[in-house]
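Listed next as structure tokens: two forms of one protein chain, kept apart as structure 1 and structure 2.
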Structure 1
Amino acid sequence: MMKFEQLAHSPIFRGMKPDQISRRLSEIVYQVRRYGKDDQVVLMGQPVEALMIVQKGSVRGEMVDYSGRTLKIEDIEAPRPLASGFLFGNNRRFPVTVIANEETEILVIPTGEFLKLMQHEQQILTNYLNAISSRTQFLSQKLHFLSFKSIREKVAHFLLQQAGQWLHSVELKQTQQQLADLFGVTRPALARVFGEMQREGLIEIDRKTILLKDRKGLNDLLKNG
């Protein structure tokens, strides 16, 4: 069936053949809900009691701030799941209000049924575990990066990370502007730090190539900063 073809590309059913998906789904209780344009799918704060996968169409997540204005957060298109990270854990509530962008079909698998699915089909289990683990790892890394306060620290950490253990130079693959955005600082501020570090003999810059002249010095920035 066409819809299982589509689902085979979703993060949850990845690696399974459409007929396998069909067979597994037939073993459990699930439903398909249809929404029209601008229909509300879920309300922020509602308990998450099922895995919901956008099967056709797309939805958007919106947050309502404390004074009542709405703010679009993200789009989710088929065949991606929504709020898959809030199906388990302490906080099982939708972090956003979800609204259909167009004619949309959503596959709804109650949490209990999804557990069965994972127990019966190892591929689904590993897919789901990989998905939420990857997310945790991503967040964890991002958080570690944000723990460096000053621009000097961020630059030092970035360069040492990029260079690894043996390389003595780093090839920048992005512009200063992109790097500044990554660090969450302004471009002139970043350029200033590059300039300072070069004058201090920590690094040497030639176009996109940065030579690490004083690894120990760069390191000390990460502790004594």
Structure 2
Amino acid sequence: MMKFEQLAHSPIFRGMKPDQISRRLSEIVYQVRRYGKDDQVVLMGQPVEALMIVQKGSVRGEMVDYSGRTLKIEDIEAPRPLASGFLFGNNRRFPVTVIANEETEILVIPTGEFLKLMQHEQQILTNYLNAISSRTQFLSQKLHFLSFKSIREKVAHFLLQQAGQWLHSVELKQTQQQLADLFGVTRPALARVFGEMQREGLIEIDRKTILLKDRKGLNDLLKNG
């Protein structure tokens, strides 16, 4: 069963009403696949031949490292798409294995049919381009963070970048877990660094607001490591 109300919140269909989505999907060929808890949705390296959107439940991306350990990369909840940035291009293969976390339904739109959607509905085309651009920017930012050696450097850079030249405080939009994922560190390690920097007088934390008390000290962290 299609869940048009849920799909209206998807990055792909954002700005469209459920009845609009229903009408557009009626013009193409698609299917809904159902998976049970821990079922494999796709295998790493499998060709990406369709746009897949989680319309119910959630999945996780996993990969196996060289020592044989399975690493969870991220959870993807409804109504987010899977590997939307790999739908076109030279290397159209899933970068991770995808496993269902629970009872899950996935809307599957073959690439050719999705092209028809974008040709007939500018909002979908705009949403798709925004989605893959935002993902690219996120990964670029994450690579930049990974170039810093310590968590303190990553935090200092993030706060200074968010504040810019004129602001003296930063209103966090991300949760601490989302920040930890962005920095490539654990949440407890990030929380410990925030606490240390507050005790040292570099910052002052008030819930979601972080006051930059010593901008020079934060800049020195970046210069001296």
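Every residue number counts along structure 1's sequence, beginning with 1. Here, rigid core means the biggest group of C-alpha atoms that superpose within 1.5 Å across both forms. Because the structure is a prediction, the values reported are computed rather than measured.
Note that the form predicted in complex with the DNA is the one shown as structure 1, not structure 2. Here E171 counts as shifted, since its C-alpha moves by at least 2 Å between the two structures after the core is aligned.
Once both forms are overlaid on the rigid core, the distance between the two CA positions of H9 between the two structures is under 2 angstroms. Core-superposed comparison between the two structures: the C-alpha position of E196 differs by no less than 2 Å. Its Cα shifted by 2.7 Å between the two structures, R135 is reported here after superposition on the rigid core.
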